[in-house]
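We begin with a single chain expressed as structure tokens, specifically the form predicted on its own.
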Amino acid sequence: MIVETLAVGTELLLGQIANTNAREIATRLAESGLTHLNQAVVGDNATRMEAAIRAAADRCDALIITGGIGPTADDITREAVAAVAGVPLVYDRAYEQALRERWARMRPDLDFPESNLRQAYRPDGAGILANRKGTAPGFHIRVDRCWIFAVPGVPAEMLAMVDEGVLPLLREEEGGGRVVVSRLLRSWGMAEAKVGEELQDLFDASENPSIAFLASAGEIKIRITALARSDEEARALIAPVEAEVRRRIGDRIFGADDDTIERVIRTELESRGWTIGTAESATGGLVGRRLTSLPGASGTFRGSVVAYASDLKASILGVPAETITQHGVVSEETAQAMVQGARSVLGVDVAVAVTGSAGPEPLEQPVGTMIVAVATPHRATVNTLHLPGDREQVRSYAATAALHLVRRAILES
């Protein structure tokens, strides 16, 4: 079943509020195994609303419209749907009575606003979707092959109505429903284009399971998604594709699903009884922040020295003045001295140090030159990286690279 969503409201187009409803509905459709073809937003204009509804109804099996069914003059979703369906609006006197009684219970101190009665109208032939969190009822009506659902724009009201009214009907139409299962493989150390080349034939042939690539701060995620009648059936479809991806990408895959690099590092440290600390210059504490992002980080993380100024590199980390004078702040020699100083000052088993030229103006080296040193109880390594992007991108990529170089150093130890 192909589903589309249409959000109604000029305030959405003006950016005055965020369209969080689209995200919530999309998540629920995916979990239900329903194909979500398109999302759209339209303002409070009858002609444009009718055109958007008609176009969607011609393409899909179900259209979920959010917003425009309240009591004010700009709430015209009822009229637009009725026009597309070619039916008049009908007035529900039973709902009018229910509205008046609800108002009397909840707001006995105030007169009933007669404008609320706009909510008692609906397209002729439409079924009601009960609203247990508000006053505006939703409705559903079939237009040729497409079910059209109209639900409130208020998130709490919308979610309850989608969960309790819309999705059960769609699952019934689908014949019991299907599930969508995704497996996310996390990789680092290979460019997105290279990953794409290695997996091109799998991508071209992928339909169910399908393959997608997601790039984020230097990591490349490979998502394998299967649609099936059960979790077990979906995972059985994913398994051989995952095995082939792992064979081709090799040890550049460092984790899957929730195995972030921070989580992987902590697991490796815990298994050895090791602790870690950082010495940072250009990244300004980003590496330490990521290492402490997980609850329970104090079990392995001891601390961080952010020595941005050269004199602090010397006075706190013990970097020899002649090292900075001879080789510069942005040098492998300085990074090596920083990491050894961090191991000593922080009393840790593993230390990582970062120095570099993040920009926008070059510092001793071209912008994007970032140097990462890692020291373990068994060895020390240093890597000079040349990273793309603006200042914040360089810093972000450097922090990611530093974490992955820590993982490699631990495993090699």
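So that there is no doubt, residue numbering starts at 1 and follows the sequence shown. This one's a predicted model, so the numbers in the text were calculated from it and none came from an experiment. Each form is matched to the other, and the largest set of C-alpha atoms that superpose within 1.5 Å is called the rigid core.
One more form of this protein should be noted, the form predicted together with another copy of the chain, which is absent from this view; the next part is about it.
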Item checked: Proximity to another copy of the chain in the predicted complex (heavy atom, within 4.5 Å), stretch among 284-292, 233-241, 320-328, 80-88 -> 284-292
Margin query: Just to confirm, with a 4.5 Å cut-off on non-hydrogen atoms, which of V245, L170, V305, A126 contacts another copy of the chain in the predicted complex?
Written below: V305
Item checked: Proximity to another copy of the chain in the predicted complex, single hit among L159, A98, V179, I316 (heavy atom within 4.5 Å) -> I316
Next item on the list: Although another copy of the chain is absent from this view, report whether L312 comes within 4.5 Å of it in the predicted complex, heavy atoms only.
Entry: yes
Check: Would P360 sit within 4.5 Å of another copy of the chain in the predicted complex, counting heavy atoms only?
Finding: yes
Item checked: Contact flag, L12 vs another copy of the chain in the predicted complex, heavy atom cut 4.5 Å -> yes
Check: Can you check whether A73 is within 4.5 Å of another copy of the chain in the predicted complex, heavy atom basis?
Finding: yes
Check: What residues in 27-41 sit within 4.5 Å of another copy of the chain in the predicted complex, counting heavy atoms only?
Finding: T27, A30, H36, L37, N38, Q39, A40, V41
Notebook entry, point to check: Taking the rigid core as the frame, does P155 move its C-alpha by 2 Å or more between this form and the one not shown?
Noted result: yes
Notebook entry, point to check: Can a Cα shift of no less than 2 Å be assigned to R223 between this form and the one not shown, given superposition on the rigid core?
Noted result: no
Next item on the list: Once the core is aligned, please say if the CA of A401 is shifted by at least 2 angstroms between this form and the one not shown.
Entry: no
